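Have a look below at one chain only, the form predicted alone, in structure tokens format.
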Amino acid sequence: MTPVAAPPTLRLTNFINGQWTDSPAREWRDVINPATGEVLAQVPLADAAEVNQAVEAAAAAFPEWRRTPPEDRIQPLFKLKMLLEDHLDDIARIITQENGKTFTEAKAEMRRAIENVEVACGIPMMMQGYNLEDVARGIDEMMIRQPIGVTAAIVPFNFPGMIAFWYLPYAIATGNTFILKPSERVPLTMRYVYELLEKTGLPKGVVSLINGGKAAVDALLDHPKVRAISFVGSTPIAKYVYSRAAANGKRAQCQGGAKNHVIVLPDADMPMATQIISDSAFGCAGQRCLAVSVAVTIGEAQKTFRDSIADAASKLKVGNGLDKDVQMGPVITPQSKERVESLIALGEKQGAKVLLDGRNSKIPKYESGNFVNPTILDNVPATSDLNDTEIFGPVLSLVHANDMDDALAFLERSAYGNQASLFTSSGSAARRFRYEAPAGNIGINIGVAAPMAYFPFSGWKNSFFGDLHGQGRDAIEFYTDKKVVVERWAKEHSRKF
């Protein structure tokens, strides 16, 4: 019998000047399904020369695109929304295959992506300036917004479909051209999305896709024709991107890491709080920047919440996100699994009690997957390194505070400020928390305080570097320059009107 040859591995291409182009990259990486260990594709790590091709194409397309009326610029976005709706299940399936989250989570992610496209379709109103007659006698003044040029975004692995849409629709709707560098761990989702973008009628060069690693990032940061950089990732890399972009005279918005806290008061609806906090801590395997990672209990909530969250977490079904009834998938790589498990061990060594241990997980039929089951660490000491470490896995730490003052002081000591939540039935406690909590995204009886697309995705302290955030009005400000015009017209004495 003649052996059947294995199918060739898909080798990904870049999208430059409206065409899919083979990469001459010398280095390629495998794209691996984190649940099965299967190689899905190979992705090129583009060099500076390929990045330059994309930038030059974007720069060449910019003059005509910026002169396109806003009403015409949003027409491809209307088409894109419908294409994303029509292919929602296909995109979600790709997200699950390359990222590991459940199919339901992947679909929810894309709903948020579509929401940003819908909001960006309002650019003809959102981009408007303002004016005032007679700022002095016979002199009028106006402020107008103009696109800035070539823009770029560097996005992470944990939301392969959504995060690019914090930026892409706003950038092109305001008249800029846009280059995306997806994570080399999960490039397949944006490949599919860009295939849909091809069908929208966008002119060549308006959107580009470059696959790569650090060399591609540095080339975007250093290229003189790239005016603005958006980034989401860890805090150390966010600092690096922000500082290098600023040194090169670019505007930048860089979302960093997080250590999100939730305070649980004794008067909270405990069944509701348990379910919502469990979903936040363990959804997407804890690999999201708004995941609750520390629960601060006050008073008798220490015991009631501890017992209820341990019970809920222990019942979560872990496995391949495409399988029926699975509630949590794997972490992204074997290295991530090893890191998360080593941090659990560190917490235990430094005095925490392992209430629920998710290490050494083995999922039947998926023994090659990167699975860490839900883990709960109780009574994490104030001196533990875990209090300042973003674990980025399905691990929830429990600490106890005597009162609201102690709990807020604990939050204040954190280097991060992405999200903070409170569970209570007290309006006065909720108002105090909203007023004093040191974080940019606040939840009241909400476990994942993810802003809708018409609000900015905020973040404070070491969770964000920049002035203007992604989404909504902040996106309009970020992608446009303000121009102030002061006008006076001399009277034409030779004419009578």
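This is a predicted model, so every value here is computed, not measured. Numbers follow the displayed sequence, beginning with 1.
What follows is about the form predicted together with nicotinamide-adenine-dinucleotide (NAD), which we do not show.
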item	value
Partner-facing stretch of 373 to 381, 267 to 275, 207 to 215, 346 to 354, counted where any non-hydrogen atom is within 4.5 angstroms of nicotinamide-adenine-dinucleotide (NAD) in the model of the complex	207 to 215
Contact of residue 358 with nicotinamide-adenine-dinucleotide (NAD) in the model of the complex (heavy atom, 4.5 Å)	no
Distance check, residue 183 to nicotinamide-adenine-dinucleotide (NAD) in the model of the complex, heavy atom within 4.5 Å	yes
Heavy atom of residue 234 within 4.5 Å of nicotinamide-adenine-dinucleotide (NAD) in the model of the complex	yes
Non-hydrogen atom contact residue 471 with nicotinamide-adenine-dinucleotide (NAD) in the model of the complex at 4.5 angstroms	no
Contact residue in the model of the complex, from 115, 390, 341, 279 (heavy atom within 4.5 Å of nicotinamide-adenine-dinucleotide (NAD))	390
Of 95, 120, 284, 154, the one that lies within 4.5 Å of nicotinamide-adenine-dinucleotide (NAD) in the model of the complex (heavy atoms)	154
Members of 245 to 270 lying within 4.5 angstroms of nicotinamide-adenine-dinucleotide (NAD), judged by heavy atom, in the model of the complex	255, 256, 257, 258
